[in-house]
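Below, in structure tokens: the form predicted on its own, a single chain.
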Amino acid sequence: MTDTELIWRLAGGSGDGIDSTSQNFAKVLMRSGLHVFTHRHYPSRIRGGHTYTEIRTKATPVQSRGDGYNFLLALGDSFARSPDEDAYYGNEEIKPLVENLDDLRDGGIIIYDEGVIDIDDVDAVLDTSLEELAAEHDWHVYPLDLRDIATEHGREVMRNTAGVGATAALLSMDLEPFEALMSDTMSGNALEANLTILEAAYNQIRDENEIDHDVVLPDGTHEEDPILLSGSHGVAYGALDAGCRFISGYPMTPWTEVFTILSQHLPEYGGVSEQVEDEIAAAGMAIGASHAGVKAMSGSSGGGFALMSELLGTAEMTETPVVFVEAMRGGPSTGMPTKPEQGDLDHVLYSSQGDSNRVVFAPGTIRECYEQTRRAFELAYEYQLPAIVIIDQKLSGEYRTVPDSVFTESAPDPDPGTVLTEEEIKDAAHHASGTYLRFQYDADDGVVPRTLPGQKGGRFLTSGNEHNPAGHISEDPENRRRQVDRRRTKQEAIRETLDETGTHQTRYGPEDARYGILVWGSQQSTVFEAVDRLNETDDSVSALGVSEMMPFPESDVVEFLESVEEAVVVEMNSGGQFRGLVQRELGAYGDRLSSLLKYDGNPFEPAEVVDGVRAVITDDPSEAPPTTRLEPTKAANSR
């Protein structure tokens, strides 16, 4: 295992530069020819509190964060609120070391900052000493005073640079790629100090230790130029290439990442970004921009999206195209703002008053984030309704190498959708008063072309109230029925459009597999890695990653379920929301489905999926990982 992959975990306190350091280390690995996949775990605090990031790197594309890790760089939490063991949160200074030991593989490496972490404090909170644990698990421990190295040659905040230098020494890495990256991002005294610290730590750990571990960095080359991006980048770049030129929002984790990226780039393309006072204003402003003829986006997370629900209904009733992003986190209410969960699916599908009439995509990879955001804009503006892209904290924040060719599609797309030209408006139906009949009953696919403010002859009325073809408020029963039926017709037309372009679900594994896994969103790649492991031991399993939530891809899911004897639905929530959607849409197959659920604030690891599926296959629910919940068990699921 050690020569095929490295999983490097960098742990410290919020504010210790954990995120930026890991991103730079990931870039060095990528530029060295390796594929990388990052995982971020952080508390809901500005400064202090145990945080870590992982980088899994291999010579081949990486599907998930993997199981455990084999290299720990523990900086210690220099912003800890209290180093007192008896404090409510315990001794936070040492948590970056003691709270990461459970997942460290046998034979792994530990570097810890003895300038911050007192080993006596560590031993006091462990059942046994670190030295004894290291002997038991064949860990190779390298204490180093990173704080002293940093302060001697620069500033204490540069401890992370010293840690990277020590890491490079233990992995026999050349310092030149690190130095080149630093030179790209720093200058002056800061660059000089960091370069000195990097080399000093590198030399010190090699001079003072006998390096005899088995953890090595794999070799690799890229067949295609790679780039390092997150799911938030995928959504933001998809919006830009779809022609989005307006975004409005209010900061909320993890939606803020999409909002920030688009806000940085929109001005380059003549677009506008507006941070407003709350999510209600954000949604309303995006709808207004779209009404005026601009492709627009807004979004939020959890409770912020709840505030948008009335405006979501307004977009449906006024038939105004707009794209929303819902970036899930642990809920309800404030919940766990920085932890991943897939608990907002029902909320996104059915929030707002009245019947839902929207499009919902749930991409499973960074590539899908890009592609499905583009598709969301296409459908929203073609069929004049809101489209929602639902992601979660895991997918939005994980960085991964993807081929540069993912973003070589023609861009941007200026098509405003079904909008009449002034020449077409002349021949369009108008009321005797001269008002354009914007909401006529009889329209192909339920879509009546819209006009834009300022177009000659295109004046029309619109309202959040039910309205007649001219847009006047109407409670006439016959008008109500015909307007609802016309709007609902769009769902059937969109489904046909999607089906005509082939399936957008992702099938993985052997076609003739005996067992199946249904998965949606961010857990897709993890499940696919688990499928490979299961088939290596002749368990005969395939998976279907479903990304279209509304309108639902009935034929794709039925075809998959008909091909297997039974299937496990893997998702990160406690209620099995996606499984519920499948059974509602299909009205059958309940006796073939089990749920493997996880909702502790951490995403699935591949081994947890493997063990959970095997528990179903062997009809032994006790074999399911304790971090998950399997339901219903076969015993309770009469067939």
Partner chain sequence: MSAFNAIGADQEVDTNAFTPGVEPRATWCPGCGDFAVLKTLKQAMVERGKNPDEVLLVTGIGCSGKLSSYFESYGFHSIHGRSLPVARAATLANPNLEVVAAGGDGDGYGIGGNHFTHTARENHDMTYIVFNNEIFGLTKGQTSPTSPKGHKSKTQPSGSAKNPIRPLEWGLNAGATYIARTAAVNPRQATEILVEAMDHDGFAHIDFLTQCPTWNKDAKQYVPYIDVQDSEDFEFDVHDRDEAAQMMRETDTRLHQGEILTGRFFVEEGRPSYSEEKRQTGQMPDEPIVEQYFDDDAEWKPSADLLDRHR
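Given the structure is predicted, the values throughout are model-derived calculations rather than measurements. Positions refer to the first chain, counted from 1.
One more form of this protein should be noted, the form predicted in complex with its partner chain, which is absent from this view; the next part is about it.
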Practice problem: May I ask whether Pro267, Gly434 and Ser463 all come within 4.5 angstroms of its partner chain in the predicted complex, judged by heavy atoms? | Solution: yes
Quiz item: Does its partner chain get within 4.5 angstroms of any non-hydrogen atom of His153 in the predicted complex?
Solution: no
Quiz item: Counting only non-hydrogen atoms and a 4.5 angstroms cut-off, does Phe246 reach its partner chain in the predicted complex?
Solution: yes
Quiz item: With the partner left out of view, is Leu593 within 4.5 angstroms of its partner chain in the predicted complex by any non-hydrogen atom?
Solution: no
Quiz item: Would Met30 sit within 4.5 Å of its partner chain in the predicted complex, counting heavy atoms only?
Solution: yes
Self-check item: Which of 521-529, 109-117, 382-390, 311-319 lines the interface with its partner chain in the predicted complex (heavy atom within 4.5 Å)
Solution: 311-319
Quiz item: Looking at Gln455, Thr196, Asn100, Thr489, which has any heavy atom no more than 4.5 Å from its partner chain in the predicted complex?
Solution: Gln455
Self-check item: Selected contact from Ile280, Val484, Val125, Ala190, since only one has a non-hydrogen atom within 4.5 angstroms of its partner chain in the predicted complex
Solution: Ile280
Quiz item: Does anything in 210-243 come within 4.5 Å of its partner chain in the predicted complex by heavy atoms, and if so which residues, in order?
Solution: Asp225, Pro226, Ile227, Leu228, Leu229, His233, Tyr237, Leu240, Asp241, Gly243
